[in-house]
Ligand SMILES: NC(=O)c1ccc[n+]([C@@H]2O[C@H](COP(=O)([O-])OP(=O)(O)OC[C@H]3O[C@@H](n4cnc5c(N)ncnc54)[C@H](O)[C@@H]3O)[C@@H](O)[C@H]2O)c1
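One chain comes next, on its own, written out as structure tokens in the form predicted alone.
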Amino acid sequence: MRFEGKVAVITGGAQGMGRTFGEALVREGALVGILDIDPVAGAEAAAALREIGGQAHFATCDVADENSVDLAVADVVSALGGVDFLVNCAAKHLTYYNRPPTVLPRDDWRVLLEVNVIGIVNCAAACRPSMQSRGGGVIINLSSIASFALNGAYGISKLAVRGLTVALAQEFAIDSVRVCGIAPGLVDTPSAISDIPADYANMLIHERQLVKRLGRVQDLVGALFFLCSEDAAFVTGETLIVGGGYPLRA
């Protein structure tokens, strides 16, 4: 129960990585606020957390809409008492958005950046006052190994997330708020499995990764726990790659 009494806000918490993180944090004693644009899936995810004995609250939220974020965070703070952790999972991430920069329609570029980048700014700003009042906190931004390849619009948006992690770490340090990132490789979320071609997945696993298997969402939980815990009290502004040994950096 390493996070007993802590309140975690998870964007995109209704499915995939966000839902897995919510369950993992609840099992370690955290109270979980789920923010998601899908009201049905979000309510169901919160109910599932309560069924396993956790305390959870759902608020409908479009992270690209500053007012929507402010209202949703205020709702969670009212219901659960505050914010200690913010986990930014909400993103546009399918291969549609990883097309070459001039191929992706400009309106879709704007949606991509509003969600993947400005959405993090909105959520960090909304959660900051509660973290200040509680003596500090941790923000975790989900980037991607695509941010190192930079062959499509999605990867560029996730490079921006890495840069934003560094900038927010500097801005929020005065409030004892640490800001870190996780850059997952290919993991077995339902959306990734249904969207990524099997031949590409096999190439990535067998020709580029050092660990020759498909990543599991559960592989990311240990990184999340470490970065949120006091074991990482001297770590901020860093993005941790969890990609089975790809890409490697000296």
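Predicted model, so just to flag it, every value in this text is computed and none were measured. All residue numbers are counted from 1 along the displayed sequence.
One more form of this protein, predicted in complex with the ligand, exists but is not displayed; see below.
The putative spot formed by Gly82, Ile140 and Phe172 is not touched by the ligand in the predicted bound form; no residue has a non-hydrogen atom within 4.5 angstroms of it. Exactly one of the stretches 191-199, 47-55, 25-33, 205-213 approaches the ligand in the predicted bound form with heavy atoms within 4.5 Å, and it is 191-199. Within this chain, Ser144 lines the site of the ligand in the predicted bound form, having a heavy atom no more than 4.5 Å away.
With a 4.5 Å cutoff on heavy atoms, Asp219 does not count as touching the ligand in the predicted bound form; it lies far away. Contact check for Leu186: a non-hydrogen atom falls within 4.5 Å of the ligand in the predicted bound form.
Contact annotation: Val73 falls outside 4.5 Å of the ligand in the predicted bound form, judged by heavy atom distances. Screening Cys127, Val179, Ala90, Ala153 for any heavy atom within 4.5 Å of the ligand in the predicted bound form leaves a single hit, Ala90. Among the residues Leu168, Val115, Met131, Leu104, the one placing a heavy atom within 4.5 Å of the ligand in the predicted bound form is Val115.
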